[in-house]
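The data below hold one chain only, encoded as structure tokens and taken in the form predicted on its own.
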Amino acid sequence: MAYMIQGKPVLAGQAEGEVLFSREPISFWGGYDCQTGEIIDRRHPLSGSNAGGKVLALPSARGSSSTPAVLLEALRIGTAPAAILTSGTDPFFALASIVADEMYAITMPVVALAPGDFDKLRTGDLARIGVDGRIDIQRP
């Protein structure tokens, strides 16, 4: 099954990868191992999953303003998600992506989706993200 959704690019870019989806927000501070890309918050539904190189779909970040620092380090060493899809504009994800682009010339698209479109996503989908916020989804 293939379909397309249109999001709002918070930070435009192109990426593709397997979707890692959760309806639960995550705190990258203490919840994400930037050395490996593993989600280490043992209370989170994605605990034990590796988000490195994947299209991480979360409604938002949770809590700490340290999220941009952890995500920025993951971007620097290559263990960050390829892109992040949210169900609204998240300033923490946007800040990390903007700083990575400025400091390291690394682009990680961040795209805000309407809640109904966000809820269509599933772990294992293949997502191809365009600079205009168009996301082509292929469900295996």
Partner chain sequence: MKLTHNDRAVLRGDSGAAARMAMTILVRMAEVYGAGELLDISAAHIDSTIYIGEANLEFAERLASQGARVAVPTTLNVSGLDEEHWKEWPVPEDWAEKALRHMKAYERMGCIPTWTCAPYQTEMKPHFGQQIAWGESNAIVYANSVIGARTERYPDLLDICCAITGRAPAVGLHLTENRAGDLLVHLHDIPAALQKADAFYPVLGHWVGKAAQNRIPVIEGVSLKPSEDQLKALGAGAASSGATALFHMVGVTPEAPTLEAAFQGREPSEIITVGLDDLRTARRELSTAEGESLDMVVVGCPHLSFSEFKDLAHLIEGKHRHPKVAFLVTTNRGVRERAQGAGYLSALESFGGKVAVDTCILAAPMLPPAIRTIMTNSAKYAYYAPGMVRKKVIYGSLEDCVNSALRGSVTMDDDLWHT
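Residue numbers count along the first chain shown, from 1. Just so you know, these numbers come straight off a predicted model, no measurement behind them.
This protein has a second form, the form predicted in complex with the partner chain, left out of what is shown; the following refers to that one.
**Q** Are Y3, L58 and F118 jointly within 4.5 Å of the partner chain in the model of the complex, each by at least one heavy atom?
**A** Looking in the model of the complex, the three residues Y3, L58 and F118 all stay beyond 4.5 Å of the partner chain (heavy atoms).
**Q** Select from the listed residues V70, A51, M108, L113 the one whose heavy atoms reach within 4.5 Å of the partner chain in the model of the complex.
**A** None of the other options qualify; the answer is V70.
**Q** Evaluate L126 for contact with the partner chain in the model of the complex, applying a 4.5 angstroms cut-off between non-hydrogen atoms, and reply yes or no.
**A** Output for L126 is no: heavy atoms all beyond 4.5 Å of the partner chain.
**Q** At the 4.5 Å heavy atom threshold, is T79 in contact with the partner chain in the model of the complex?
**A** No, no contact at 4.5 Å.
**Q** Is L95 one of the residues lying within 4.5 Å of the partner chain in the model of the complex, judged by heavy atom distances?
**A** Heavy-atom contact with the partner chain at 4.5 Å: present for L95.
**Q** Report yes if any heavy atom of P25 sits within 4.5 Å of a heavy atom of the partner chain in the model of the complex; otherwise report no.
**A** Output for P25 is yes: heavy atoms within 4.5 Å of the partner chain.
**Q** Using a 4.5 Å cut-off on any heavy atom, which residues of 1-19 would contact the partner chain in the model of the complex?
**A** Going through 1-19 in order - heavy atoms within 4.5 Å of the partner chain in the model of the complex - the hits are V10, L11.
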